[in-house]
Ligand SMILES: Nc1ncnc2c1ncn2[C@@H]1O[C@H](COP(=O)(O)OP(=O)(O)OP(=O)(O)O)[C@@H](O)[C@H]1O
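Okay, here we've got a single chain as structure tokens, the form predicted on its own, with questions on binding and movement later.
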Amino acid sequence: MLEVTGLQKIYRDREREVEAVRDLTFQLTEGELACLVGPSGCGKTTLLKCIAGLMEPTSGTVELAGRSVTGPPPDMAVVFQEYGRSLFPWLTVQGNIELPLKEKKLPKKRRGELVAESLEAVGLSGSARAYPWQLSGGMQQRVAIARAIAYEPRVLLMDEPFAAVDAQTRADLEDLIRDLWNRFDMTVLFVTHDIDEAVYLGQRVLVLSSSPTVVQDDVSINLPSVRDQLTTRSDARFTELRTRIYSEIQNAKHTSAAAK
């Protein structure tokens, strides 16, 4: 479904150039939920912007269902960390969700159906007429997720979407993502700095090296498919996987420091 091959991104200005991403290659199969972690500043967001067609890579390719990504593809949606900036405060919740559907030229009746279905899916059925500023942070992020779901994407990209919410809300949103993934059969690439979150959510965890970035490890998360916050996180295998990924990230940091 998603294929990234030899992706490189170099930022250049008049005085210098910085190689943010060196050589990234990986694939996601249809319906897979993969998480992506790495040291701070390793280029996770840069990678996601290149995959989403929001930034042109210096070299390498991104393909979605066999088609080259050269701009934002119609079968892909993105949920960003800063939900407050991604929602328009002068539009209602329904207006925010409908906006990209209008860009797709969907008829009014179909837009209404998709808005209602997506709000029901994220537990906000009664909030269609509210404005984002009237909602809590966690509810605003649910609106952003509902907007992405309503777009009916084949691939959903998420860039540290829960970093700005409290721990309890974060746990609820993690469970929501797994529920939505199972319900709508999407391919999901979830970027996070939280190792526990990556192990809890994913079928795979891609571990990135320090910048300039490559895929340092590809960890299969062989936990039960049905998960909950208490049972899954107390599983001995969960601890083993978390320790392995943490060690990989620490190795990446030390390798980078030694190189400098």
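On a predicted model such as this, the values are computed, not experimentally measured, just so you know. One-based numbering along the sequence shown.
Keep in mind that the form predicted in complex with this ligand is not shown, yet the notes after this line are about it.
Only one of 174, 98, 152, 160 lies close to this ligand in the predicted complex, with a heavy atom inside 4.5 Å, and it is 160. Of the listed positions (45, 231, 59, 68), a single one reaches within 4.5 angstroms of this ligand by any non-hydrogen atom in the predicted complex, namely 45.
Using a 4.5 Å cutoff between non-hydrogen atoms, residue 31 does not count as a contact of this ligand in the predicted complex. Contact between residue 169 and this ligand in the predicted complex is not found at the 4.5 Å heavy atom cutoff.
At a distance threshold of 4.5 angstroms between non-hydrogen atoms, residue 202 is out of contact with this ligand in the predicted complex.
This ligand is not shown here, but in the predicted complex it comes within 4.5 Å of a heavy atom of residue 81. Every residue of the trio 11, 20 and 41 has some heavy atom no more than 4.5 Å from this ligand in the predicted complex. Remark: of stretches 231-239, 217-225, 33-41, 59-67, the one touching this ligand in the predicted complex is 33-41 (heavy atom within 4.5 Å). Taking this ligand as positioned in the predicted complex, the only residue of 168-203 that brings a heavy atom within 4.5 Å of it is 193.
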